[in-house]
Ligand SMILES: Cc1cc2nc3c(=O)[nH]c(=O)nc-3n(C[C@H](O)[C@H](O)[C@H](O)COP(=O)(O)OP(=O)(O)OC[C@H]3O[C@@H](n4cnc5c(N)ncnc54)[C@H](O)[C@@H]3O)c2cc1C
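Quick heads-up: it's one chain on its own, the form predicted alone, in structure tokens.
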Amino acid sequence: MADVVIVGGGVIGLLLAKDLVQRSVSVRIIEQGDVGREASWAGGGIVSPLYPWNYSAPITALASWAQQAYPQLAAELSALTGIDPEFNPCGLLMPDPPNRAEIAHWADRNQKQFGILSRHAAVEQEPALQLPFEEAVWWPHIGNIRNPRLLRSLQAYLEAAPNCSIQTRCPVQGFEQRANGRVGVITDGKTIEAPKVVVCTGAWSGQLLAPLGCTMLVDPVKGQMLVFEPRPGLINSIILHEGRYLIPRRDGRIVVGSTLEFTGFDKSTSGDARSALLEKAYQLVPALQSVSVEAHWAGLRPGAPHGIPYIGELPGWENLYVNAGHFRNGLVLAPASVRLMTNLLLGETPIVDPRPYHPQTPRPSAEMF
């Protein structure tokens, strides 16, 4: 019997398993499909909320911790597995961002470095940027992680760990409820026992936990993205404008994102979304019109009220925990979200105040995101 069963093999589940096995805790991961092929794979990998001053303090606390952790995490995984997650400390450029007056106060309060660039200075930094704008905000500390490689590296590390097992294509049907307030995990007609069970199933978490009387407001929110073939040096930093962005990978590929669509569990791509993403990419960097699109895909983000994830023990159950509902910031928050979960599971001092993320903490439902 494993010490901890993790339901869900996305970035949250995999990173949590890594944290635990490195503390000599035995782990069993159960994934309904293939490891890391849902929202974690589909995201862009920007290691920051898009407009961080618009987010609440609980998001900022986790994001700040995770931003400091990512370079070391990527280097560690690269050394251990030979698969480089390709953390790229490229910085982020925001032409004419919204709520401009709030930026300085937020940055000062959270000790974040930023700069104000004139249009001339910004274009000098990114010559391919041809969008009309007055000034840009520059965030030198923000980078991006190549999330498919991060997931592959995590999977390789865990497959080599003697105290971790991974079951793929193994849907969980539900939980067997015990009189002592504990649950077992029902899958493939069998019940799996564990001292602790952690649900890390993203957009599917609310559905899975509802039969236990756990009300979690987690809804799927589709995002469609594109990637261009490699053009090294065309852009060197992340460019974000009006909620859409270009992300430079270290090999010269450029990722374009993303849409926000409330279409349930539909992951299909559409011509309209492709056209809208291309229109924005060409507006920002006209030279992309001569570059071929390599791929177009969609993923389902786990949207929770105000984007604040549920992290902690589920009330009424002695061995059941959840870590889900990160909305657009699953990759952003993952190292911190997971470390907090590890702290709670093992009785360690938490890296941040856990109360805002507790499943029982009220979350206003009028404004979802």
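Every value quoted in this text rests on a predicted model; they were computed, and no experiment measured them. Residue positions are given as counts along the sequence shown, with the first one as 1.
Below, we turn to the form predicted in complex with this ligand, even though it does not appear here.
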As a check of understanding, the residue in G243, G213, P171, P286 with any heavy atom within 4.5 Å of this ligand in the predicted complex should be identified as P171
Using a 4.5 Å cut on heavy atoms, which of I235, M225, L92, C164 is close to this ligand in the predicted complex?
M225
is_contact(L62, this ligand) in the predicted complex, heavy atom dist at most 4.5 Å:
no
Find out whether any non-hydrogen atom of V7 is located within 4.5 angstroms of this ligand in the predicted complex, and reply yes or no.
yes
Find out whether any non-hydrogen atom of N329 is located within 4.5 angstroms of this ligand in the predicted complex, and reply yes or no.
yes
Proximity of L208 to this ligand in the predicted complex, heavy atoms at 4.5 Å
yes
Want to guess which of 101 to 109, 120 to 128, 79 to 87, 295 to 303 is within 4.5 Å of this ligand in the predicted complex, heavy atoms only?
295 to 303
Verify the flagged residues L73, N319 and T342 against this ligand in the predicted complex: is each one within 4.5 Å by a non-hydrogen atom?
no
Within 4.5 Å of this ligand in the predicted complex, counting any non-hydrogen atom, which residues from 246 to 267 show up?
S258
